[in-house]
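Only one chain is given next, in structure tokens, and it is the form predicted alone.
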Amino acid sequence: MTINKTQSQKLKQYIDNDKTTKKSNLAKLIAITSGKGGVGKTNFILNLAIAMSIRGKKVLLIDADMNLSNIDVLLGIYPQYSLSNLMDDLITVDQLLVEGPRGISIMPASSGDIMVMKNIKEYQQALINAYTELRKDYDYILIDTGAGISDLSVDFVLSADKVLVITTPEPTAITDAYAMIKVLFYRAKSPDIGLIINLAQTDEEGKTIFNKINLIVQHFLNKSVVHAGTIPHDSSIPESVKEQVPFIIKRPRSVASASVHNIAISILKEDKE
């Protein structure tokens, strides 16, 4: 991977550049990322967005995975427009948005679009432009990045105000999560990084995995990350995926739903302090 220290800085400067509105009035950008695929990142961010919306926050969910977007699949929706239409000036930013459950707004990606793959940097900038235009209209913008440590994913992550790295107890997922954290600390001075342990057998296992990763971060990087939450393994998760209904709606009293609600509460409480 080619390390470009200035690209993400330029993106963040562009996003933060608003001469007419105080930054406190702009949506907080939270990027959710992972070192590898298959750890439940997209499912988590979808349910987190709903949990925040239930608490009265206006939330925009961005699907920034330009290779394999999945938010629309999880919901069983078929967006009428794509980012390509926006770039061709065929639609406005508002027309690109799709209404999701519990009042969330969704900006779909352009999965499998050959033109996107050929002009990835231009599409990245178009996506940045689109949600920058909407920052005044929301309380939170959650960005679902592509998995892995590509320049594209890392640039999106480092343009955010807060980063949530999600992993599972699997050794490969843990190794790749640490690799992502290492790159983020290398690329940014002091990123706000929280670690989510997904599909843990118990809360204790989640704490153990977090402590293991954090000790490695402290030892090799002289940094530390925050335990943002654990989501225990729950049968409601695969069931909701099959039925294309978020588990926080399908099984609101499940352990997984309670865990996501707790994570949402922690984030909102943190922002009040």
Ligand SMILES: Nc1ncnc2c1ncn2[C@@H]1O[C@H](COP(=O)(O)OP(=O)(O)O)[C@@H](O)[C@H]1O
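The numbering used is simple: start at 1 and walk along the sequence shown. As the structure is a prediction and not an experimental result, all values here were calculated from the model.
One more form of this protein should be noted, the form predicted in complex with this ligand, which is absent from this view; the next part is about it.
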Looking in the predicted complex, any heavy atom of Ser153 within 4.5 Å of this ligand? no
Find out whether any non-hydrogen atom of Ser159 is located within 4.5 angstroms of this ligand in the predicted complex, and reply yes or no. no
Distance check, Val39 to this ligand in the predicted complex, heavy atom within 4.5 Å: yes
Give a yes/no on whether Ile231 approaches this ligand to within 4.5 Å in the predicted complex, heavy atoms considered. yes
Looking at 84-92, 129-137, 198-206, 169-177, which lies within 4.5 angstroms of this ligand in the predicted complex, counting heavy atoms? 198-206
